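Okay, so here's just one chain, in structure tokens, the form predicted on its own.
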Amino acid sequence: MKSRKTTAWIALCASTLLAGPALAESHGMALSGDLRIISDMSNPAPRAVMEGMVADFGEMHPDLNIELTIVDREAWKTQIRNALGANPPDVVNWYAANRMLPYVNAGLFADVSDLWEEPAFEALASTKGAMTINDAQWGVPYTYYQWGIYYRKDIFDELGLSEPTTWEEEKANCQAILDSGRKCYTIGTKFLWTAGGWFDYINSRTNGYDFHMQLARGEIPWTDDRVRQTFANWRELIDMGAFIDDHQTYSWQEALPFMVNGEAASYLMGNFAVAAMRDGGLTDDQLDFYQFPKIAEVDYAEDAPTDTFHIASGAQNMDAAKEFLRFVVSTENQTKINAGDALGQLPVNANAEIGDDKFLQQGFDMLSNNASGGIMQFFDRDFPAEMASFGMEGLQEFMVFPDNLDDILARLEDARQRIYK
């Protein structure tokens, strides 16, 4: 295990807390009553983590009755607003940065700035920006993870390829892979968001982090020539035939067999996919990871989505809710829930330990030492929800029908003018 003693990337939204395992007890609270929590950690491993956290917190506060409801992750995206209305729970899962905005503006999330003023939260400075709207903080992060290109090292070795660091090297590798009868990349765009990852990386590598975030805030037209250059770079891969056929018919999981079977050599994806790749039969000798290569002379920006807990503004047990948030980000809990046999992601506590898993180590090193451009939360989190929906539809259409670009950009620009107005 490796202890995170460094100060993680300033721009991120994922770092830290000095609290130890006895953090909740340090406040001297005798918690009682009911604590109602709704979580979207519905996949098997996250569900076990969530249930374990509740059990551990319950042992610390035996007079507290905790009611945990776990809902489907996708369904929660449409249910959360209603759930936060009449008779809301005390604590809910959600996401950092722009994805908080609708619920902050609607007065549905509680201001927890007082937590962030506690001495223990000084070490959370690098995450504070992602949790801040209108100079106040509205929740705490509990995990984050890197994105990058996961690839079949055995195929690269067979073809004599090395990890690319430039766009030209990426395309040269791709051509060699295509010449061997394989596709360069698997992807499933059936649910649209995976195409957003490709746009995030190509746009930020082409135009830089600041430009990408200005586009996300609606400050730049989609018809801007710099946006067109992003799509021109992307089209170079599309025209090569780099992506698997009919990707619009597959979910991201359904696209995994192409890589597992060796029909495709790599996958631009978040670290959560590693477990599925291993379950599919790939060994760590076959599987490796590299940072998305440089396109233009701009600093590396990285997608590192951060998941969060929030207190409903109508919470009935505010003391218990705040104590739970303190517990979530404590050193011991962060080490436990982000371990390789749990979430398999990166802890938000700088004093927590990072698992021996090589992908966690590589991801932490990349985000700590080579993400000076900035940290993106991901397309459907950085863009407002309605714009993200229109945008991802356009991105998927572009990947299938690149000749439609002018029409796609015109539609996205119309949506920008309407949505951000």
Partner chain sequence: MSHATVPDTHPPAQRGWYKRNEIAVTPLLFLAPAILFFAVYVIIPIAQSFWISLHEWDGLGEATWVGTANYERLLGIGDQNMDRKFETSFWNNIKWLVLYLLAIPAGLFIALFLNQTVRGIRIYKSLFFFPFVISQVVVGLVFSWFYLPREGLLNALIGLFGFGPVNILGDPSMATYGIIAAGLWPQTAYCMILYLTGLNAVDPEQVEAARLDGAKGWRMLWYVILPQLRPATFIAFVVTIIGALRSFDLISVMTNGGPFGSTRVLSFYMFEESLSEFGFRMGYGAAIAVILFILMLGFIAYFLWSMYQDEKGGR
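Just so it is clear, the structure is predicted and the values come from calculations on it, not from any experiment. Positions refer to the first chain, counted from 1.
Omitted here: the form predicted together with the partner chain. The next part is about that form.
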Just one stretch in 173-181, 241-249, 303-311, 154-162 has heavy atoms within 4.5 Å of the partner chain in the predicted bound form, so which one is it? 241-249
With heavy atoms only and a cut-off of 4.5 Å, decide whether Phe258 touches the partner chain in the predicted bound form. yes
Considering only heavy atoms, tell me if Ile66 and the partner chain come within 4.5 Å of each other in the predicted bound form. no
Within a 4.5 Å heavy atom cut-off, is Thr283 in contact with the partner chain in the predicted bound form? no
Determine whether any heavy atom of Arg81 comes within 4.5 Å of a heavy atom of the partner chain in the predicted bound form, and answer yes or no. yes
Which of these residues, Lys294, Lys336, Arg99, Arg326, gets a heavy atom within 4.5 Å of the partner chain in the predicted bound form? Arg99
Exactly one of Ala106, Ala232, Ala276, Met318 comes within 4.5 Å of the partner chain in the predicted bound form through a heavy atom, and that residue is Ala106
If you check in the predicted bound form, do Glu74, Phe401 and Arg411 all have a non-hydrogen atom within 4.5 Å of the partner chain? yes
Residue by residue through 386-418, which ones have a non-hydrogen atom no more than 4.5 angstroms from the partner chain in the predicted bound form? Glu386, Ala388, Ser389, Phe390, Met392, Glu393, Gln396, Glu397, Val400, Phe401, Asp407, Arg411, Arg418
